[in-house]
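Just one chain follows, in the form predicted on its own, and it is written as structure tokens.
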Amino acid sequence: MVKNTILGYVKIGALAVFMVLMSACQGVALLDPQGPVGIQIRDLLMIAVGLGFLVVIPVIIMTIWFAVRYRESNTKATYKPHWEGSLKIEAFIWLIPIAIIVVLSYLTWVKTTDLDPYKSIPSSEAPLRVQVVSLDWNWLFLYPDYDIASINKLVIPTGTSVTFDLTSATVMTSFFIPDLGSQMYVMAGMVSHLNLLADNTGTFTGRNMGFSGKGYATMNFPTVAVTTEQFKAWTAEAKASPTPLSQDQFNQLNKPQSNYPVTLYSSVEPDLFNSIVAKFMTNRQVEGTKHGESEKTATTVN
């Protein structure tokens, strides 16, 4: 009776967990990736979880089985108060965790190289360069090859590797498009890099995963993956925009504000991205850079 009751609870619990996991899968972008990087990350997560279950599930089953088998009312169970260690049990307890650690170590070593965010992604099209600037609390995207920009909306062509150069005009944030994979920290005075690729068209949500003040919760942006023809049409639309991104316009953007409306810019202030990075350099760094340039000029002249 007790055994049947416990098994019934186990079945109900397993069914509930299964239903929760299945419903969560539909809403978790990491489990439905739209690019090669996201697919590798998903597979790695699934392997890690599966290896963990090799330990967790037997422990749960054995705990329930021991509780039922060796309950006080079961007179059929063998009673050995002076039971000593078993070589088979010790081998089972230690060898399986060791094997799991070895497999995880190997995967960590291999995937650290395979999923290097600085590693370029092979594609049939030339890579697209996008410069990303984190603001309070918006995202600015510069397309240096097209001399256009947009705020709070990222548009990329499918099947094309996208190389992101990321910096911040304010505090440290974190750039993450879960559907495409690879989170990357964004820091003021520094430039980090990230390579992603979208296999399918669609709109994916990009997020700031680093808390950066009161506007953090709304610091999201749509990532729209379109066909090559649609991307060309979008760049033409941006070029036709009446608004250029001048230094004065950027200064207006670079103020604490949330939910700035999506805007396209027909041109970008020359070298704007580098000037944002250089703004956070110390006087000593600036002087050192100028000194190095002077020496280089003097050497060239001589």
Partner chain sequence: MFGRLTWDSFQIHDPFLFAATVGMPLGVIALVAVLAYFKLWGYLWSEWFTTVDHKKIGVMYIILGLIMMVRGVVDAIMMRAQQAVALGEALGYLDANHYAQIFSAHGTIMIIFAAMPIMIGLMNLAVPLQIGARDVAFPALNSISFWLTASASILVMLSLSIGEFSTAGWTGLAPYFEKEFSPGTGVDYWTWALQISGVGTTLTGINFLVTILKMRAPGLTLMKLPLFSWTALTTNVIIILSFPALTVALFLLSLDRYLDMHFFTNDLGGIVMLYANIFWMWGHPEVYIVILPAFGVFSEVVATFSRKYIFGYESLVYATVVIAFLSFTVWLHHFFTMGNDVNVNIAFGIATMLIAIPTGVKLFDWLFTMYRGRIHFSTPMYWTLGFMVLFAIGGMTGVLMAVPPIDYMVHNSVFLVAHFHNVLIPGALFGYFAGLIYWFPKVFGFKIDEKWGKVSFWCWAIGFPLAFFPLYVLGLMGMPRRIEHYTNPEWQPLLIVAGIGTVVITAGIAALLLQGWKTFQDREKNADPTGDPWNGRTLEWSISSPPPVYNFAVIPQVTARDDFWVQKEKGTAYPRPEKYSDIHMPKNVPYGVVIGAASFFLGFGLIWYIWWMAILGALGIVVTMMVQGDNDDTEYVITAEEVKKIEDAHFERLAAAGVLSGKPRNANQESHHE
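Since the model is a prediction, treat every value here as computed from it, not as a measurement. Take the two forms, superpose them, and find the largest set of C-alpha atoms that agree within 1.5 Å; that set is the rigid core. Positions refer to the first chain, counted from 1.
Here the subject shifts to the form predicted together with the partner chain, a form of this protein not shown in this document.
Chemist: Which one of Y143, F231, F204, F176 is close to the partner chain in the predicted complex, taking close to mean a heavy atom within 4.5 Å?
Modeler: Flagged contact: F176.
Chemist: Pick from A238, I41, L272, L253: which has a non-hydrogen atom within 4.5 Å of the partner chain in the predicted complex?
Modeler: Contact residue from the list: I41.
Chemist: So, in the predicted complex, is L45 in contact with the partner chain at a 4.5 angstroms heavy atom limit?
Modeler: Close contact exists here: in the predicted complex, L45 approaches the partner chain to within 4.5 Å, heavy atoms only.
Chemist: My question is simply whether N195 lines the interface with the partner chain in the predicted complex - judged by any non-hydrogen atom within 4.5 Å.
Modeler: Because no heavy atom of N195 falls inside 4.5 Å of the partner chain in the predicted complex, the answer is no.
Chemist: Do R129 and the partner chain come within 4.5 Å of each other in the predicted complex, heavy atoms counted?
Modeler: Looking in the predicted complex, residue contacts with the partner chain do not include R129, since no heavy atom lies within 4.5 Å.
Chemist: Could you confirm whether T63 comes within 4.5 Å of the partner chain in the predicted complex, counting heavy atoms only?
Modeler: Although the partner chain is absent here, T63 would touch it in the predicted complex, with heavy atoms inside 4.5 Å.
Chemist: Within 4.5 Å of the partner chain in the predicted complex, do we find a heavy atom from each of P122, T223 and Y260?
Modeler: The answer is no: none of the three residues contacts the partner (heavy atom, 4.5 Å cut-off).
Chemist: Name the stretch: of 67-75, 157-165, 144-152, 223-231, exactly one has residues whose heavy atoms fall within 4.5 Å of the partner chain in the predicted complex.
Modeler: Single hit among the candidates: 67-75.
Chemist: Counting only non-hydrogen atoms and a 4.5 Å cut-off, give the residues of 158-186 close to the partner chain in the predicted complex.
Modeler: If the 4.5 Å heavy-atom criterion is applied to the partner chain in the predicted complex, 158-186 yields T170, V171, M172, F176, P178, G181, S182, Q183, M184, Y185.
Chemist: If I superpose the two forms on their rigid core, does the C-alpha of W94 end up displaced by 2 Å or more between this form and the one not shown?
Modeler: Moves: yes, 2 Å or greater.
Chemist: Could you check, with the core superposed, whether the Cα atom of Y260 shifts 2 Å or more between this form and the one not shown?
Modeler: Where the cores coincide, Y260 shows only a C-alpha shift between this form and the one not shown that is less than 2 Å.
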